[in-house]
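The chain below stands alone and is given as C-alpha coordinates, in the form predicted alone.
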Amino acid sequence: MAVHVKVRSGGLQRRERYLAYGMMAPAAVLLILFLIVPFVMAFGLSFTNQSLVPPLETVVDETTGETVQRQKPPDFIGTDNYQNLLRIHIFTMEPLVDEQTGEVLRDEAGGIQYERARTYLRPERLEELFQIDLFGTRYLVGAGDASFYRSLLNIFEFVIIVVPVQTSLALFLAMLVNQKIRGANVFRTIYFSPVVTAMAIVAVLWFFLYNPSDGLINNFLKVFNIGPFQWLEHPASALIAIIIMSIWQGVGFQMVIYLAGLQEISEDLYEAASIDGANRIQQFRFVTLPSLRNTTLFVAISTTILAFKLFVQVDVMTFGRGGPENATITPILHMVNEGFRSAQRVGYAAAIAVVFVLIVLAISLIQRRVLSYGDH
(Lines give C-alpha, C1' and ligand atoms only; values in the text may rest on other atoms or scores of the structure.)
Protein backbone atom coordinates (compact mmCIF):
# COMPACT_ATOMS: atom_id res chain seq x y z
CA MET A 1 0.00 0.00 0.00
CA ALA A 2 2.83 2.38 0.86
CA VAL A 3 4.59 1.59 -2.43
CA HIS A 4 1.37 2.26 -4.36
CA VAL A 5 1.02 5.70 -2.82
CA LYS A 6 4.64 6.57 -3.63
CA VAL A 7 4.25 5.54 -7.27
CA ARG A 8 1.11 7.68 -7.68
CA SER A 9 2.88 10.60 -6.05
CA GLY A 10 5.85 10.27 -8.42
CA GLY A 11 3.57 10.07 -11.45
CA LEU A 12 1.68 13.15 -10.32
CA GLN A 13 4.93 15.06 -9.91
CA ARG A 14 6.02 14.07 -13.42
CA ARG A 15 2.71 15.21 -14.90
CA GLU A 16 2.97 18.52 -13.08
CA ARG A 17 6.54 18.92 -14.31
CA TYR A 18 5.54 18.23 -17.92
CA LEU A 19 2.61 20.63 -17.56
CA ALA A 20 4.98 23.31 -16.28
CA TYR A 21 7.35 22.72 -19.22
CA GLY A 22 4.42 22.95 -21.63
CA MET A 23 3.23 26.25 -20.18
CA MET A 24 6.79 27.60 -20.19
CA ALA A 25 7.50 26.51 -23.78
CA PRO A 26 5.81 29.43 -25.65
CA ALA A 27 7.67 32.03 -23.59
CA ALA A 28 10.94 30.08 -23.94
CA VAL A 29 10.55 29.87 -27.73
CA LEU A 30 9.88 33.61 -28.01
CA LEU A 31 12.82 34.33 -25.71
CA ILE A 32 15.14 32.24 -27.86
CA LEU A 33 13.89 33.63 -31.19
CA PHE A 34 13.76 37.31 -30.29
CA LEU A 35 16.51 37.65 -27.67
CA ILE A 36 19.12 34.90 -27.66
CA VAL A 37 19.33 34.33 -31.43
CA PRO A 38 19.62 38.07 -32.26
CA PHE A 39 22.28 38.46 -29.56
CA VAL A 40 24.32 35.59 -31.02
CA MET A 41 23.97 37.07 -34.52
CA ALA A 42 25.02 40.51 -33.25
CA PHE A 43 27.99 38.94 -31.49
CA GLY A 44 29.09 37.38 -34.79
CA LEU A 45 28.61 40.62 -36.74
CA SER A 46 30.66 42.54 -34.17
CA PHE A 47 33.82 40.82 -35.42
CA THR A 48 33.28 42.02 -39.00
CA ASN A 49 33.25 45.30 -40.90
CA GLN A 50 29.70 44.68 -42.14
CA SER A 51 28.06 47.88 -43.41
CA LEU A 52 24.43 48.65 -44.09
CA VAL A 53 25.13 49.15 -47.81
CA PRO A 54 28.17 47.00 -48.71
CA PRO A 55 30.50 48.46 -51.36
CA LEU A 56 30.53 46.97 -54.86
CA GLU A 57 33.48 45.04 -56.23
CA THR A 58 34.26 43.97 -59.78
CA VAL A 59 34.75 40.22 -60.28
CA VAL A 60 34.89 37.81 -63.18
CA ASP A 61 32.04 35.31 -63.42
CA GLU A 62 33.60 31.83 -63.48
CA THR A 63 30.78 30.45 -65.63
CA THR A 64 30.45 33.08 -68.36
CA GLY A 65 33.82 34.81 -68.02
CA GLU A 66 32.09 38.18 -67.98
CA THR A 67 33.00 41.02 -65.63
CA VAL A 68 30.24 41.70 -63.14
CA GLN A 69 29.76 43.77 -60.05
CA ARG A 70 28.60 42.35 -56.75
CA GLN A 71 28.42 43.42 -53.15
CA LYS A 72 31.67 42.88 -51.34
CA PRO A 73 31.27 40.40 -48.48
CA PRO A 74 32.24 41.63 -45.02
CA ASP A 75 35.76 40.98 -43.76
CA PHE A 76 36.64 39.42 -40.43
CA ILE A 77 38.46 42.12 -38.46
CA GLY A 78 38.74 40.40 -35.09
CA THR A 79 38.36 42.65 -32.07
CA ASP A 80 39.00 45.94 -33.89
CA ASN A 81 35.45 47.18 -33.25
CA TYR A 82 35.75 46.48 -29.52
CA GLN A 83 39.20 48.05 -29.31
CA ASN A 84 38.00 51.26 -30.92
CA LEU A 85 34.80 51.28 -28.86
CA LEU A 86 36.41 50.69 -25.46
CA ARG A 87 39.74 52.46 -26.01
CA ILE A 88 40.35 55.16 -23.45
CA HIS A 89 43.42 57.10 -22.38
CA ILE A 90 44.17 59.68 -19.68
CA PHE A 91 46.68 62.44 -20.46
CA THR A 92 48.37 64.78 -18.00
CA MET A 93 48.08 68.19 -19.60
CA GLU A 94 51.09 70.50 -19.42
CA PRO A 95 50.61 74.19 -18.63
CA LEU A 96 51.71 76.79 -21.17
CA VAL A 97 54.99 78.50 -20.26
CA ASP A 98 56.31 81.86 -21.42
CA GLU A 99 59.39 81.13 -23.52
CA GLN A 100 61.19 84.25 -22.37
CA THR A 101 60.47 84.30 -18.63
CA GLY A 102 59.72 80.63 -18.06
CA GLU A 103 56.61 81.53 -16.05
CA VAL A 104 53.33 79.68 -16.33
CA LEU A 105 50.79 81.58 -18.42
CA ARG A 106 47.50 82.48 -16.81
CA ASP A 107 44.20 83.82 -18.13
CA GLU A 108 42.40 87.00 -17.03
CA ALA A 109 40.76 85.16 -14.12
CA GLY A 110 44.12 83.88 -12.87
CA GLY A 111 43.63 80.32 -14.05
CA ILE A 112 46.46 78.32 -15.56
CA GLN A 113 46.45 78.04 -19.34
CA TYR A 114 47.08 74.58 -20.77
CA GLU A 115 48.04 73.22 -24.14
CA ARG A 116 45.25 72.51 -26.60
CA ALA A 117 43.67 69.12 -26.23
CA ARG A 118 44.09 68.48 -29.94
CA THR A 119 47.86 68.11 -29.55
CA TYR A 120 47.28 65.12 -27.28
CA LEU A 121 44.33 63.53 -29.06
CA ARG A 122 45.20 63.82 -32.73
CA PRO A 123 48.28 61.51 -32.74
CA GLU A 124 46.32 58.90 -30.80
CA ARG A 125 43.19 59.27 -32.96
CA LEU A 126 41.09 59.85 -29.87
CA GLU A 127 38.13 62.11 -29.15
CA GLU A 128 37.91 64.32 -26.08
CA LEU A 129 35.63 62.90 -23.42
CA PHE A 130 36.18 65.44 -20.65
CA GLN A 131 38.81 67.38 -18.70
CA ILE A 132 39.16 67.34 -14.94
CA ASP A 133 41.36 69.18 -12.44
CA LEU A 134 42.65 67.10 -9.52
CA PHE A 135 45.21 68.20 -6.93
CA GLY A 136 46.38 71.11 -9.04
CA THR A 137 46.85 69.04 -12.20
CA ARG A 138 44.60 68.96 -15.25
CA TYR A 139 43.85 65.61 -16.81
CA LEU A 140 42.43 65.05 -20.28
CA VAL A 141 40.38 61.91 -20.84
CA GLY A 142 40.27 60.78 -24.46
CA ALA A 143 38.36 57.86 -25.93
CA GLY A 144 38.18 56.02 -29.23
CA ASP A 145 34.43 56.66 -29.21
CA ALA A 146 33.71 59.55 -26.86
CA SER A 147 30.02 59.50 -27.79
CA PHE A 148 29.69 55.95 -26.45
CA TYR A 149 31.18 56.83 -23.06
CA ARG A 150 29.10 59.98 -22.90
CA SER A 151 26.01 57.90 -23.65
CA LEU A 152 26.92 55.58 -20.76
CA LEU A 153 27.29 58.53 -18.39
CA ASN A 154 23.91 59.87 -19.55
CA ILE A 155 22.09 56.57 -19.18
CA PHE A 156 23.53 55.90 -15.72
CA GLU A 157 22.45 59.37 -14.61
CA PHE A 158 19.02 58.68 -16.06
CA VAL A 159 18.72 55.31 -14.29
CA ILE A 160 20.02 56.56 -10.94
CA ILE A 161 17.36 59.30 -10.88
CA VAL A 162 14.42 57.56 -12.56
CA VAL A 163 14.43 54.18 -10.77
CA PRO A 164 14.15 55.38 -7.13
CA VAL A 165 11.93 58.38 -7.92
CA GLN A 166 9.55 56.47 -10.17
CA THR A 167 9.39 53.48 -7.81
CA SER A 168 8.65 55.67 -4.78
CA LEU A 169 6.07 57.72 -6.67
CA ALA A 170 4.42 54.54 -7.98
CA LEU A 171 4.07 53.18 -4.42
CA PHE A 172 2.61 56.48 -3.24
CA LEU A 173 0.05 56.56 -6.06
CA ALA A 174 -0.82 52.90 -5.52
CA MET A 175 -1.56 53.52 -1.85
CA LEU A 176 -3.55 56.60 -2.83
CA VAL A 177 -5.81 54.82 -5.33
CA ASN A 178 -6.09 51.76 -3.07
CA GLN A 179 -8.21 53.76 -0.65
CA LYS A 180 -11.90 52.94 -0.55
CA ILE A 181 -13.08 56.30 -1.77
CA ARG A 182 -15.51 57.37 -4.46
CA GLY A 183 -13.90 57.85 -7.85
CA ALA A 184 -10.82 55.75 -7.14
CA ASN A 185 -11.19 53.95 -10.48
CA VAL A 186 -11.19 57.29 -12.28
CA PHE A 187 -7.85 58.21 -10.75
CA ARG A 188 -6.45 54.78 -11.61
CA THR A 189 -7.40 55.35 -15.23
CA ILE A 190 -5.90 58.84 -15.26
CA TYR A 191 -2.59 57.70 -13.80
CA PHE A 192 -2.36 54.68 -16.10
CA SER A 193 -3.45 56.35 -19.35
CA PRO A 194 0.04 57.70 -20.27
CA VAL A 195 1.39 54.13 -20.19
CA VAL A 196 -0.93 52.94 -22.96
CA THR A 197 -0.22 56.04 -25.07
CA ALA A 198 2.48 55.57 -27.70
CA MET A 199 5.80 56.98 -26.53
CA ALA A 200 6.27 58.88 -29.78
CA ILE A 201 2.98 60.72 -29.21
CA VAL A 202 3.93 61.51 -25.61
CA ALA A 203 7.34 62.78 -26.73
CA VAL A 204 5.80 65.11 -29.34
CA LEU A 205 3.32 66.41 -26.76
CA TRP A 206 6.05 67.18 -24.25
CA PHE A 207 8.21 68.69 -26.98
CA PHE A 208 5.55 71.36 -27.40
CA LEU A 209 5.12 71.71 -23.63
CA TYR A 210 8.86 72.45 -23.37
CA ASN A 211 8.77 75.07 -26.15
CA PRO A 212 10.85 78.03 -24.87
CA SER A 213 8.47 80.74 -26.12
CA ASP A 214 4.99 79.24 -26.42
CA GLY A 215 5.22 76.11 -24.27
CA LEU A 216 2.67 75.61 -21.51
CA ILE A 217 5.36 74.96 -18.88
CA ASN A 218 7.23 78.21 -19.47
CA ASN A 219 3.97 80.16 -19.69
CA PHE A 220 2.95 78.73 -16.33
CA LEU A 221 6.32 79.64 -14.78
CA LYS A 222 5.98 83.19 -16.08
CA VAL A 223 3.10 83.68 -13.64
CA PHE A 224 5.68 83.33 -10.82
CA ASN A 225 8.29 85.42 -12.69
CA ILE A 226 10.41 82.31 -13.32
CA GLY A 227 12.07 81.51 -16.62
CA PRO A 228 11.66 81.08 -19.47
CA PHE A 229 13.98 78.08 -19.70
CA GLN A 230 15.56 76.50 -22.76
CA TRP A 231 14.55 73.04 -21.63
CA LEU A 232 15.75 70.99 -24.59
CA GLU A 233 18.27 73.46 -26.01
CA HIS A 234 20.60 73.72 -22.99
CA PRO A 235 23.00 70.88 -22.06
CA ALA A 236 22.33 71.32 -18.33
CA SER A 237 18.55 70.93 -18.57
CA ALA A 238 17.94 68.70 -21.61
CA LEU A 239 18.40 65.38 -19.81
CA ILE A 240 16.46 66.58 -16.76
CA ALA A 241 13.56 67.52 -19.05
CA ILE A 242 13.53 64.03 -20.54
CA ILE A 243 13.74 62.48 -17.06
CA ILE A 244 10.65 64.40 -15.91
CA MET A 245 8.70 63.34 -18.98
CA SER A 246 9.77 59.70 -18.65
CA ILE A 247 8.75 59.49 -14.99
CA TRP A 248 5.35 60.98 -15.80
CA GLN A 249 4.81 58.55 -18.65
CA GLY A 250 5.92 55.33 -16.95
CA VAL A 251 4.87 55.67 -13.32
CA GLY A 252 1.39 54.27 -14.01
CA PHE A 253 2.80 50.87 -14.97
CA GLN A 254 4.61 50.43 -11.65
CA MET A 255 1.58 51.84 -9.83
CA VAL A 256 -0.62 49.00 -11.14
CA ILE A 257 1.92 46.39 -10.04
CA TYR A 258 2.12 47.90 -6.56
CA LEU A 259 -1.67 48.12 -6.44
CA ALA A 260 -1.93 44.39 -7.07
CA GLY A 261 0.62 43.76 -4.33
CA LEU A 262 -1.24 45.98 -1.85
CA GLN A 263 -4.49 44.17 -2.45
CA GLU A 264 -2.83 40.86 -1.60
CA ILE A 265 -1.90 42.02 1.91
CA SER A 266 -4.32 40.63 4.46
CA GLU A 267 -6.28 43.13 6.53
CA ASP A 268 -5.65 40.90 9.54
CA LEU A 269 -2.03 42.05 9.59
CA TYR A 270 -3.06 45.69 9.88
CA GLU A 271 -5.62 44.87 12.55
CA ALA A 272 -3.03 42.96 14.57
CA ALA A 273 -0.56 45.83 14.23
CA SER A 274 -3.24 48.32 15.26
CA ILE A 275 -4.06 46.27 18.37
CA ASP A 276 -0.36 46.27 19.25
CA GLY A 277 -0.43 50.07 19.16
CA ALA A 278 1.23 50.68 15.78
CA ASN A 279 0.33 53.95 14.09
CA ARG A 280 -0.02 54.48 10.32
CA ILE A 281 3.68 55.11 9.76
CA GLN A 282 4.69 52.06 11.78
CA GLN A 283 2.15 49.92 9.91
CA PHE A 284 3.62 51.09 6.62
CA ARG A 285 7.15 50.35 7.80
CA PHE A 286 6.61 46.98 9.48
CA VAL A 287 3.64 45.59 7.52
CA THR A 288 3.33 47.17 4.09
CA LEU A 289 6.97 47.37 3.04
CA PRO A 290 7.93 43.81 4.14
CA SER A 291 4.83 42.42 2.44
CA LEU A 292 5.77 44.22 -0.79
CA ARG A 293 9.36 42.99 -0.82
CA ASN A 294 8.99 40.72 -3.85
CA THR A 295 6.84 43.29 -5.62
CA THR A 296 9.46 45.97 -5.04
CA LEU A 297 12.17 43.63 -6.32
CA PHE A 298 10.23 43.09 -9.55
CA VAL A 299 9.39 46.78 -9.95
CA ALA A 300 12.98 47.89 -9.35
CA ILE A 301 14.49 45.41 -11.82
CA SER A 302 11.86 45.98 -14.51
CA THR A 303 12.13 49.77 -14.13
CA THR A 304 15.91 49.56 -14.38
CA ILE A 305 15.73 47.55 -17.61
CA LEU A 306 13.13 49.90 -19.08
CA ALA A 307 15.22 52.91 -18.10
CA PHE A 308 18.31 51.49 -19.82
CA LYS A 309 16.20 51.14 -22.99
CA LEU A 310 15.80 54.92 -23.23
CA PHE A 311 15.55 55.76 -26.92
CA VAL A 312 12.22 56.93 -28.38
CA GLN A 313 11.77 60.08 -26.32
CA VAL A 314 15.35 61.21 -26.98
CA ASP A 315 15.12 60.31 -30.66
CA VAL A 316 11.90 62.29 -31.13
CA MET A 317 12.62 65.28 -28.90
CA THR A 318 16.19 65.86 -30.16
CA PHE A 319 15.52 64.81 -33.79
CA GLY A 320 17.85 61.83 -33.47
CA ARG A 321 20.92 63.86 -32.53
CA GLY A 322 21.04 63.28 -28.79
CA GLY A 323 21.90 66.93 -28.30
CA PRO A 324 22.67 69.50 -27.37
CA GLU A 325 26.38 68.59 -27.22
CA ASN A 326 25.56 64.90 -26.67
CA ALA A 327 23.83 65.84 -23.41
CA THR A 328 21.00 63.35 -24.06
CA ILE A 329 22.63 60.73 -26.26
CA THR A 330 22.03 57.14 -25.11
CA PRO A 331 23.72 53.85 -26.04
CA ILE A 332 20.74 52.69 -28.10
CA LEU A 333 20.50 56.00 -29.96
CA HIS A 334 24.25 55.92 -30.59
CA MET A 335 23.96 52.34 -31.84
CA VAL A 336 21.13 53.26 -34.24
CA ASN A 337 23.03 56.28 -35.55
CA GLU A 338 26.21 54.27 -36.10
CA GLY A 339 24.51 51.30 -37.70
CA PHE A 340 21.63 52.73 -39.72
CA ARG A 341 21.92 56.52 -40.08
CA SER A 342 25.18 58.41 -40.31
CA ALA A 343 28.04 55.89 -40.41
CA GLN A 344 26.02 52.79 -41.41
CA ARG A 345 28.60 50.55 -39.74
CA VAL A 346 26.49 47.54 -38.80
CA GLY A 347 29.44 45.59 -37.40
CA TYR A 348 30.44 48.44 -35.13
CA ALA A 349 26.83 48.95 -34.03
CA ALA A 350 26.65 45.24 -33.19
CA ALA A 351 29.70 45.65 -30.93
CA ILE A 352 27.92 48.51 -29.14
CA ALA A 353 24.85 46.31 -28.68
CA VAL A 354 26.87 43.40 -27.26
CA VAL A 355 28.75 45.55 -24.76
CA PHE A 356 25.60 47.35 -23.67
CA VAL A 357 23.62 44.12 -23.19
CA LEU A 358 26.38 42.69 -21.01
CA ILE A 359 26.46 45.88 -18.91
CA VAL A 360 22.68 45.83 -18.37
CA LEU A 361 22.74 42.10 -17.58
CA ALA A 362 25.49 42.53 -15.00
CA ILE A 363 23.70 45.45 -13.33
CA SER A 364 20.40 43.55 -13.23
CA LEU A 365 22.05 40.53 -11.59
CA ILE A 366 23.81 42.72 -9.02
CA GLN A 367 20.60 44.63 -8.34
CA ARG A 368 18.65 41.40 -7.82
CA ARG A 369 21.32 40.05 -5.48
CA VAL A 370 21.38 43.24 -3.43
CA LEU A 371 17.59 43.70 -3.21
CA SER A 372 16.95 40.02 -2.40
CA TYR A 373 19.64 39.91 0.29
CA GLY A 374 18.22 38.53 3.49
CA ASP A 375 15.38 36.54 1.95
CA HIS A 376 16.83 33.30 3.25
Partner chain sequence: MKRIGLLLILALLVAVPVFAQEAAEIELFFHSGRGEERDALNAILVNFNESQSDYVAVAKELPEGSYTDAVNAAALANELPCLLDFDGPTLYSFAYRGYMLPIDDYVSDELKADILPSIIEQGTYNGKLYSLGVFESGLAIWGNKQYLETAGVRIPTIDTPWTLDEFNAALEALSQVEGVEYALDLKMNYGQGEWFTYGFSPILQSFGGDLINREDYQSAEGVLNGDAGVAFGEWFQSLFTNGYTTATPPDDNLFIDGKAALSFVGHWEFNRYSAALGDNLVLIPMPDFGSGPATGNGSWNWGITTQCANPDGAWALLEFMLQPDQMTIMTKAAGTIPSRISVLEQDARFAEGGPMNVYFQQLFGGVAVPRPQTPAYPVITAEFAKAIDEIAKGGDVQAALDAAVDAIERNIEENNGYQAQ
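Numbering follows the first chain given and starts at 1. Only a predicted model underlies this, so the values are computations on that prediction, with no experimental measurement involved. If you superpose the two forms and keep the largest set of C-alpha atoms that fall within 1.5 Å, you have the rigid core.
Another form exists, predicted together with the partner chain; not displayed. Remarks below refer to it.
Asker: May I ask whether 51, 71 and 321 all come within 4.5 angstroms of the partner chain in the predicted complex, judged by heavy atoms?
Answerer: Result yes, every residue of the spot touches the partner chain.
Asker: Looking at heavy atoms inside 4.5 Å, which stretch does the partner chain contact in the predicted complex, given the options 115 to 123, 269 to 277, 100 to 108, 154 to 162?
Answerer: Result of the contact check: 115 to 123.
Asker: So, residue 309 and the partner chain: in the predicted complex, are they within 4.5 Å at any heavy atom pair?
Answerer: Close contact is absent here: in the predicted complex, residue 309 is far from the partner chain, nothing within 4.5 Å, heavy atoms only.
Asker: According to a 4.5 angstroms non-hydrogen atom cut-off, is residue 33 in contact with the partner chain in the predicted complex?
Answerer: Residue 33 lies outside the contact set for the partner chain.
Asker: Is residue 37 close enough to touch the partner chain in the predicted complex, meaning at least one heavy atom pair within 4.5 Å?
Answerer: So residue 37 does not count as contacting the partner chain.
Asker: Residue 343 versus the partner chain, in the predicted complex: is there a non-hydrogen atom within 4.5 Å?
Answerer: Flag for residue 343 set to yes.
Asker: Which one of 227, 95, 212, 194 is close to the partner chain in the predicted complex, taking close to mean a heavy atom within 4.5 Å?
Answerer: It is 212 that has a heavy atom within 4.5 Å of the partner.
Asker: If you check 299, 292, 232, 140 against the partner chain in the predicted complex, which one has a heavy atom within 4.5 Å?
Answerer: Among 299, 292, 232, 140, a heavy atom within 4.5 Å of the partner chain in the predicted complex occurs only for 232.
Asker: For 54 to 93: residues with a non-hydrogen atom within 4.5 angstroms of the partner chain in the predicted complex?
Answerer: Heavy-atom contacts to the partner chain in the predicted complex: 54, 55, 56, 57, 58, 71.
Asker: Return yes or no for residue 164: a CA shift of at least 2 Å between this form and the one not shown, with the rigid core superposed?
Answerer: No; residue 164 is a residue whose C-alpha shifts by less than 2 Å between this form and the one not shown when the cores are overlaid.
Asker: When the rigid core is used for the superposition, does residue 235 move between this form and the one not shown (threshold: C-alpha shift of 2 Å or more)?
Answerer: Moves: no, less than 2 Å.
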